[in-house]
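Form predicted on its own, single chain, as structure tokens, below.
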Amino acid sequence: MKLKTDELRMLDGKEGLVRQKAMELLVKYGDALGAAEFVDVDNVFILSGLFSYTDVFKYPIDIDSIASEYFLDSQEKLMVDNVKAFTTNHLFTIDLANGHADLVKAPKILQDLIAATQHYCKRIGISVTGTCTPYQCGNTPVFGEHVAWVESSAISYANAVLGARTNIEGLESSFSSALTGKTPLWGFHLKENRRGTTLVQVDEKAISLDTVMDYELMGCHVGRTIGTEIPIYPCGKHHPNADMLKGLCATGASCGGIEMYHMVGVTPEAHSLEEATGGLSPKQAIQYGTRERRECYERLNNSSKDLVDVVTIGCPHYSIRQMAQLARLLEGKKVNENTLLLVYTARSIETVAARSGYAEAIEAAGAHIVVDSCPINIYFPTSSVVATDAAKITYYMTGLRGYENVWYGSMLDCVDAAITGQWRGELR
């Protein structure tokens, strides 16, 4: 890689051992990717969870040694003083602040590791947003801005909806970017790699695109069909809102590998079909109609049991609009005594929901609002029957967690299941 003066200073250790190790990692990363140089970034989003590394679950917890080894690939204990780029995080953990550790039966070592990680992030200057949706909570890059982000739906949202530029980053590369303000210039940082390649032909006479669920099902089908290609969607009869686009991002990435898409007349790099394709012909076209929609819905619903133990909603984290919708649906109702209703959102959104009266209405119905967390971290027997309005979490719970009975439907379906204790959802 061709390094600039400031990059050579960091690589030579003239800005300390920590940044030297970070630059060494990024240079190896860039070389492996075939990047010729770095690009400056002043916006980083990291995943500060360590839970894929099982050997960190032991006492005593030495978070600096753990971070050195797993963030910076160093066996030497490194004391990080401060990040260089503006950085927010997703904790990917459980909610300690609201007393939900016991609710989700989290072991003590996990609780202590989470607390240590939170303190570490705070100490080195990371904004502890604790959400998978940083774009809803103050970290909203502008069109054309180069960023280094993790998290499937966030990456797609940054690229497609905001028009920022990021690749799929991991814990290690994003942390090194936070320390150096650099990321390899390749992939979606380059304009020529952002052109749409696959035209999605939607049968709009037969299906509507006016709910979050509609967009999730479409994203699920397209993701499974085209993998890592860049789809071009038409704008439906109803202009999609941010929650609908968020759902499209989540399922396209989790059910496939979509890092970016275009929606003609909606997303900032697709004012026209010609702009979306960069003036080239799409490589392929795929169909999406009633048959594909039904197939996706049935694939996501794999339970044979109607009684529901847990309803988990808010993946990606609910927006303030969704919290308001949920409050209206739950007003004057009570969650079934045999069913647990968990609502996931960001702490900052919960604060606004509380000031607006939404949180009070939700909790008065018997639901639990969970912040700083992710539904994938629920700790219940895999025999539990789970209902969710998140196609992404359905995909993950069956594939990663081994749950055999998962229902998927709309927010309305999930509220009905929480109140009645039974699944009565259907594809409308």
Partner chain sequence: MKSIALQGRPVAPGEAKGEALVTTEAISWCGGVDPMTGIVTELGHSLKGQNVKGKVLVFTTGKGSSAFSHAAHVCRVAGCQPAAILVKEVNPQIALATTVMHIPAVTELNQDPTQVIDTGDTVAVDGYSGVVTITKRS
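Numbering follows the first chain given and starts at 1. Since this is a predicted model, take the numbers as computed values, not measurements.
One more form of this protein exists, namely the form predicted in complex with the partner chain; it is left out here, but the text below deals with it.
Peer 1: Residue-level question: is residue 81 within 4.5 Å of the partner chain in the predicted complex, judged on heavy atoms?
Peer 2: Because no heavy atom of residue 81 falls inside 4.5 Å of the partner chain in the predicted complex, the answer is no.
Peer 1: Contact with the partner chain in the predicted complex for residue 112, defined as at least one heavy atom pair within 4.5 Å: yes or no?
Peer 2: Taking the distances in the predicted complex, the answer for residue 112 is no, it never comes within 4.5 Å of the partner chain.
Peer 1: Although the partner chain is absent from this view, report whether residue 86 comes within 4.5 Å of it in the predicted complex, heavy atoms only.
Peer 2: Outside the cut-off, so no.
Peer 1: Applying a 4.5 Å heavy atom distance criterion, does residue 55 contact the partner chain in the predicted complex?
Peer 2: Contact check for residue 55: yes, within 4.5 Å of the partner chain in the predicted complex.
Peer 1: Using a 4.5 Å heavy atom cut-off, which of 199-207, 233-241, 169-177, 286-294 contacts the partner chain in the predicted complex?
Peer 2: Contact criterion met by 169-177 only.
Peer 1: Among 414, 406, 25, 18, which has any heavy atom within 4.5 Å of the partner chain in the predicted complex?
Peer 2: The option sitting close enough to the partner is 25.
Peer 1: Could you spot which one of 37, 31, 360, 62 gets a heavy atom to within 4.5 Å of the partner chain in the predicted complex?
Peer 2: Filtering the options by heavy-atom distance leaves 31.
Peer 1: Heavy atom within 4.5 Å of the partner chain in the predicted complex: which residues of 56-86 qualify?
Peer 2: Those in contact are 56, 69, 70, 73, 75.
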